[in-house]
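Read the single chain below, which is given as structure tokens and is the form predicted alone.
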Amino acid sequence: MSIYDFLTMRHELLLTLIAILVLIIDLNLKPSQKHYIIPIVQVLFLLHVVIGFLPGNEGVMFGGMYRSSALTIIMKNILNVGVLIILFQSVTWLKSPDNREKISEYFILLFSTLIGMYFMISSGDFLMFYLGLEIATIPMAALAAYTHHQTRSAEAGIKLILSSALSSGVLLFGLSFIYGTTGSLYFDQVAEVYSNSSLQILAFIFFFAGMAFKISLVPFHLWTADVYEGAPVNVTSYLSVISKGAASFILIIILFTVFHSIAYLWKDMIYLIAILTMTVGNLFAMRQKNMKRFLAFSSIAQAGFILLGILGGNVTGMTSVIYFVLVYIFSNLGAFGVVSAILAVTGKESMDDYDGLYATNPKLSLLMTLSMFSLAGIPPVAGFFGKFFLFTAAASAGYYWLVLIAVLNATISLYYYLLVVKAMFINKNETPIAYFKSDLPTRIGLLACVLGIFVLGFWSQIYEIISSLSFGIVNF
């Protein structure tokens, strides 16, 4: 193995280098200079994103534990784009008096969990997968409790670490069964000998239950709303899109490559969970007044739609999941960006506070409306095409009743998404949120969301590129 071979891990190595540089720079800055690190990190991470899109090495390292392919690279690049937007949207919050002295900690924790997601996506065996999962999870709990002087943030961190510990324990128990019955942890070797024996089916159930916690699938979703509400809004947006996206990516890879021999089993299981997740997420979202809890249950419902693509079990299914996650990143970050901007200035996060927002802040209102339309799947924005491809993948596999239920749930979701639009444009408010102008980084992040929502809906080449890369993964 030469030094050149390590360029296969360019995403992991480069981000690790950035995290180390952030630490070194922070140690050499005076307390009054801590805010200088924000533009430095933005520039460094922007370079990281650009380098990620350059042609790079593909291959296998560490005896097959680590694998890099064109598909895993594009998955990492999708996550990078989302993180870059979050970095821009976090500037106002980081410059607040409560966070000014611990800015570097936020970036180091954020990059640490992203490195874990990189390793998880590129894992070639269950050991690397589990290590990546834990590297991604533990810093996430610290991020949720970042504003620990606030009771609900500390509570969110505790709830997240406890639920993550439970889910990791369940998942690890399943992995021990997989190793005990197959004699290997490598994906290829496990796939060759995996069968429908009772113990191996039980092992898969434990594995899937542990992953369902990470994606907030019903009935493993109970932690989501409380953690989303208590965590800082920028951490909540990271949990909602980046963490969920990475977990969805590795889940579909493992299902399609390792457990394809028992697809008849997990398809029936996912069929039921998809219905429950879409329905429960929608029903609870309709009752929410806090915007972070509202978006939490919305994200649960969206996770149910992702399962439709997994059920496709083919190239169309995998492509639709990856494309939907990309669309979901821009749509959800657009909504969270507006919530973050308003919360940073006013401290308000209730839906009732948005009454009459259009009269004072029309641009933010239009952006929120665009995000709501995309999440609801209203044409011609990208969210419509994302759900359309998911429905097509499920229908191509013969799940017509499930598609009908999904369409009904998508129709129900229109109601609560339009509640936000109604509050901003129709509801009267004698004292609406006063006009304010966000800082430049926040506006850049919001503009990126707008461009993503529109461009992804009309630039069909993106879907075609993802589809061409998915052929090497799908085995059935």
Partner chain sequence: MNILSLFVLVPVLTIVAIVFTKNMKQTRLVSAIGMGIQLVLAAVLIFMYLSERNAGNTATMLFMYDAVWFPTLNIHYTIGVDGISVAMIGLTAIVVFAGVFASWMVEYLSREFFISLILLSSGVFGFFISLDLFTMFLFYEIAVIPMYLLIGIWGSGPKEYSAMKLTLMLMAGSALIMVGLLGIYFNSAPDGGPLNWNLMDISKITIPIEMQRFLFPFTFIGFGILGALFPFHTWSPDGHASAPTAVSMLHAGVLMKLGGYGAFRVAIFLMPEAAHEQAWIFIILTAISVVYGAFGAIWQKDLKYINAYSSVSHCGLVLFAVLMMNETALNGAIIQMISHGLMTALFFALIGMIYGRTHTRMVNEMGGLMKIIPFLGVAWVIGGLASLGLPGLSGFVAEMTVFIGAFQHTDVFHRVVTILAASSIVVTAVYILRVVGMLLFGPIKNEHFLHLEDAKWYERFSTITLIVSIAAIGLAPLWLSDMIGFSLGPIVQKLTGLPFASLF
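Owing to the predicted nature of the structure, the values given are computational and were not obtained by experimental measurement. Residue numbers count along the first chain shown, from 1.
Just so you know, the form predicted in complex with the partner chain exists too; it's not on screen, but the next bit is about it.
Q: Among the candidate residues Thr316, Ser168, Asn282, Gln200, which is the single one with a non-hydrogen atom no more than 4.5 Å from the partner chain in the predicted bound form?
A: It is Thr316.
Q: Could you work out which of Val49, Leu447, Ile40, Leu408 is the residue within 4.5 angstroms of the partner chain in the predicted bound form, going by heavy atoms?
A: After the contact test, the surviving option is Leu408.
Q: Look at the stretches 52-60, 427-435, 32-40, 66-74 and give the one with heavy atoms within 4.5 Å of the partner chain in the predicted bound form.
A: Result of the contact check: 427-435.
Q: Is every one of Tyr130, Ser176 and Gly180 in contact with the partner chain in the predicted bound form, taking contact as a heavy atom within 4.5 Å?
A: Contact check failed for every one of Tyr130, Ser176 and Gly180.
Q: With a cut-off of 4.5 Å between heavy atoms, is Gly457 one of the residues that contacts the partner chain in the predicted bound form?
A: The answer is yes: Gly457 has a heavy atom within 4.5 Å of the partner chain.
Q: Just checking whether Thr16 would be counted as a contact of the partner chain in the predicted bound form - the rule being heavy atoms within 4.5 angstroms.
A: Outside the cut-off, so no.
Q: At 4.5 Å between heavy atoms, is Trp401 in contact with the partner chain in the predicted bound form?
A: Contact check for Trp401: yes, within 4.5 Å of the partner chain in the predicted bound form.
Q: Please determine whether Gly304 contacts the partner chain in the predicted bound form, using a 4.5 Å cut-off between heavy atoms.
A: No.
Q: If you look in the predicted bound form, which residues in 371-409 sit within 4.5 Å of the partner chain (heavy atoms)?
A: Contacting residues: Phe373, Gly377, Ile378, Pro379, Pro380, Phe384, Phe385, Phe388, Phe389, Phe391, Thr392, Ala395, Ser396, Tyr400, Trp401, Val403, Leu404, Val407, Leu408.
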